[in-house]
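This document starts with one chain, in the form predicted alone, laid out as structure tokens.
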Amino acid sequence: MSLHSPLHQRHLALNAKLADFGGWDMPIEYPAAQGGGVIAEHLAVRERVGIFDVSHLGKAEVVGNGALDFLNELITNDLTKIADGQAQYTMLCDDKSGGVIDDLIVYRKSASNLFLIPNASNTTAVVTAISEVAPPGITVNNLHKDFAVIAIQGPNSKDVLAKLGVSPTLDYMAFAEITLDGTPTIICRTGYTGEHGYELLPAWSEAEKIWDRLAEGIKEFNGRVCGLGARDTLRTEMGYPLHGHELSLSITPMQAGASWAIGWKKPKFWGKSIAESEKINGAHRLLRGLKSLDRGIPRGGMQVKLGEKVIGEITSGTFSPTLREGVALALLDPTIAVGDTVTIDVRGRESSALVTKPPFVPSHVK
């Protein structure tokens, strides 16, 4: 039985196309007759503003004296590099294989209170893995249904919030606790689109109230309510990894090009020995971008070839609404360089593509 976000009735009322995401019934897109559809929603975020329900994302906390030092010995990034009130992208890896259990955002409330946002389907695995090694005095709580997550993304996102009486002067990856229309809400300058944006985390029971205010507020800017189809095309254009595609228990951070999210000077973190080995010796495959040189649209799982030799596989592929051409992320043989031309097996037909370094479009997150 699928789980439902606290905004499920709102999506049904808008006749959203729904699909399963990590066990949650979530909106893919809204009807074209209402100005929706993946391309329209995507372009609204790039050019104006859009809102997303991403309440299926996990929420958890690690609390207790010494919580920061404890968690910092498990995750790849270094929590001592950020201050209270800041958030950090990081990964939790399997200590033996070096593969990624999940990638997540950690909100540093204090040295004794860390708030985590893992992926929907991995929340239980993350909470369980951390709980199993937590010392006395440190508690790990699964808060999956305590908070909703509503993302407002795009150049006009700040303007919408200002009209609603919120004027956040937050740096990228910083968060604060605010009141929006009388409702306590955590607001963070994060997102998954590559645009200036925010993620709001009201209590689960208050989600409809906040959603309705935002949905009304974006109208002035010709904004759109957006589904997870546009979220996927937006993140693919930015080269952002998605667990189960660019990251997994069989894909390490080094292979995924995520070495920037590793605190190399830390004495320990899960998977450190594997990461250090790949840093010294090189990984056997590396994540690259691909831009179609013809009308072919790459999709996940398609083979990538150089001549007759298979040199990798696409992890995510789509039609880029911004560029009006096919783009993809692929794990390729490390000898394949940026600037090389390769072919993609698009359902038995060869399609040419240029090997590139993502993002495919400029980032405007800051």
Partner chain sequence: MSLIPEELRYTKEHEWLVATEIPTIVRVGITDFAQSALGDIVYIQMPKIGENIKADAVCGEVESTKSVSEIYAPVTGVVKRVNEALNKNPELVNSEPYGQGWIAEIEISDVSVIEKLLSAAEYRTLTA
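Note that the coordinates shown come from a computational prediction; the quantities given were computed from them, not determined experimentally. Numbering follows the first chain given and starts at 1.
There is another form of the same protein, the form predicted together with its partner chain; it is not shown, and what comes next is about it.
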*Can you check whether residue 145 is within 4.5 Å of its partner chain in the predicted complex, heavy atom basis?*
no
*Closest heavy atom of residue 70 to its partner chain in the predicted complex, within 4.5 Å or not?*
no
_Non-hydrogen atom contact residue 53 with its partner chain in the predicted complex at 4.5 angstroms_ = no
*asked:* Does any part of residue 357 reach within 4.5 Å of its partner chain in the predicted complex? Heavy atoms only, please.
replied: no
*Exactly one stretch in 99-107, 291-299, 194-202, 117-125 has heavy atoms within 4.5 Å of its partner chain in the predicted complex; which is it?*
291-299
*Name the single residue among 38, 311, 57, 44 that comes within 4.5 Å of its partner chain in the predicted complex, judging by heavy atoms.*
38
*asked:* Counting heavy atoms only and using a 4.5 Å cut-off, do 17, 29 and 349 all touch its partner chain in the predicted complex?
replied: yes
*Of 313-337, which residues get within 4.5 Å of its partner chain in the predicted complex if you count heavy atoms?*
318, 319, 324
